[in-house]
Every structure is written in C-alpha cells, then in structure tokens.
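One chain is shown next in structure tokens, namely the form predicted alone.
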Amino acid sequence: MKPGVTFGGLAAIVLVLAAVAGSFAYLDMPLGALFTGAAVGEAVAFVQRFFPPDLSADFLAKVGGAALETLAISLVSTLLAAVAGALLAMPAAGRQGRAVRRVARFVLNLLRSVPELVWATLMVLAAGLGPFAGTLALALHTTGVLGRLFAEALENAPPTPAEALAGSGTPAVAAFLYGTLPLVAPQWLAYSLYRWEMNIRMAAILGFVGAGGLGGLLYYSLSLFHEAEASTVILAMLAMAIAVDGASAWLRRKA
C-alpha cells in the first residue's frame, strides 16, 4: 500500500465504486442502446428538426417579450429574497438569542430545502399561472439560500467595531449599520449577484409549470412540435445566460 493511503480511504473508494455499480444495476440502464445505428439516426434526425431557427419578425417579438419577462422575474425575485434573507440572517446569526436563532434557522432550512419547481407548482396553484407565481417561487427558495449565506457572513464578521460603537452609547441599529454591515456588504452583494445568475436560468425553466417567461414559450413550442421555434427560444436562453454572467462578473469586480 502506498504511503498516505489508509485502509479507511481505500474502503471508502471501494464502497463508492460498489454503490455506483449497484446503482447502474438497479436502474437497469441500457447504455448500449444509445450507440446503435437506429438510435444515432433518430438523434441526428431530431436535432436536424431544430435547424434553421425561426427568425421571423413576429416570433422574434414574442421571444423578446418573453426574455424581458424572464429577466424581470429573476431581478424582482432576487431583490425580494435579498431583503428577506437579510432580515432573517440577523436572528439566524444568534443576535436575538438562541431560541430565535433556532426558529430562524428552521425557516431558512425549510425555504431552501423545497426546490424551485416545487415552489412554482405550489405558487401556480395559489396565485394562478403567470410571472407572479414564478417570482414568488424563486423568491421563497432564494430567501432560504441567501439567508443562510448572509447569516454565516455575520457570524464570521469581527464583532469589535460594532461592540466599540455600542459601548460608546450608539444605538444598536446604528452600531450594526456602521460597525458590521460594511464588513459583510461585499459578501452579501457577491452572494446576491451569484444567485441572480442562477435565478435567471431557473426563471426560464419555471415556465414549464406555467410560471411565464421563456420557459413557457419553450414548453408551448415543444408541445406543438414546432422545433424551429423551440430552437430560437433555446438560443435566446443561451444568449441571456451569457449576458447575465458577464454583467454579474463586471458588477462583482466593481463592488
């Protein structure tokens, strides 16, 4: 046995490999069927139906409107989540006592543990089809994620500046705003921008459950077997994701 390789590490590797092999056997995945001549021919024919994309003026106008709706859903949901996450982060960081901390942590864990698609399904049932349901779904899930990240940033922030301000008679809110917030604000902004990048992708996907945006347009095109229109929507999703990634990276550098 090579130096540095322990029996426990070797056993863990064997267990992981056994679990992977067992998973393939349990799922009965016929991977060989993917590489037969018939399967390859069907895949090529399916892809060919997506080209050329539909670039007609009327459909491009629909795609543009859906893209703006997707962007608006992601922006509003991220903003709401950042505000709600910041409000929950302070008690979750233990600033109001251990009992309140447990409650706040439970709420954040609950919001974060429910996937966006499940929240979207629930919100569609509660608020009806459309972008409002998608915005609420993303805001609820993202609140759980950002609240946890914000709380950890608060826990890791040095308490000395805020304690010095509080010791000199500064009110608690002012001590937080001037002693703690400047220390965690860059992290909070970076977390929020990263979640915005993820939310714009999820906003496009949530349309499949009736939450509006590009996802709704893609679902409609695919359900009618309009592959050329679906290709245009997919390209719009890709272009939007690239643009948002670039904008988010630029904002993080400027922050």
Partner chain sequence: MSASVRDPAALPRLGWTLVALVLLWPLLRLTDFRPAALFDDGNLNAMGHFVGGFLPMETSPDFLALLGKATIETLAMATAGVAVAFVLAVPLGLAMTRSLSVSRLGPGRGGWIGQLLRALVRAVLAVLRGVPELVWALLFVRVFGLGAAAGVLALGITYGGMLGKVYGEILESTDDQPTRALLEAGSGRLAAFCYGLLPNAGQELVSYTVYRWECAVRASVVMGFVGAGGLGQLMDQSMKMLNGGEAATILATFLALVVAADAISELLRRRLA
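Residue numbers count along the first chain shown, from 1. Only the largest set of C-alpha atoms that superpose within 1.5 Å between the two forms is called the rigid core. Treat the numbers as computed from the prediction; the structure is a model and nothing was measured.
What follows is about the form predicted in complex with its partner chain, which we do not show.
Q: Where does its partner chain sit in the predicted complex: which of 149 to 157, 82 to 90, 129 to 137, 95 to 103, heavy atoms within 4.5 Å?
A: Selected range: 129 to 137.
Q: Would you classify Ala241 as touching its partner chain in the predicted complex, given a 4.5 Å non-hydrogen atom cut-off?
A: Result yes; Ala241 sits at the interface with its partner chain in the predicted complex.
Q: Heavy atom to heavy atom, is Tyr219 within 4.5 Å of its partner chain in the predicted complex?
A: Tyr219: yes, in contact with its partner chain in the predicted complex.
Q: Heavy atom to heavy atom, is Arg201 within 4.5 Å of its partner chain in the predicted complex?
A: Arg201 belongs to the contact set for its partner chain.
Q: Please determine whether Leu68 contacts its partner chain in the predicted complex, using a 4.5 Å cut-off between heavy atoms.
A: Yes, Leu68 sits close enough to its partner chain in the predicted complex that at least one of its heavy atoms falls within 4.5 Å.
Q: Tell me, which of Ala43, Ala190, Leu60, Ala228 has a heavy atom within 4.5 angstroms of its partner chain in the predicted complex?
A: Only one option qualifies, and that one is Ala43.
Q: Residue by residue through 196 to 210, which ones have a non-hydrogen atom no more than 4.5 angstroms from its partner chain in the predicted complex?
A: Stretch hits, in order: Arg201, Ile205, Phe208, Val209.
Q: Taking 2 Å as the cut-off, check whether the CA of Ile234 shifts that much or more between the shown form and the other one after a rigid core fit.
A: No, shifts by less than 2 Å.
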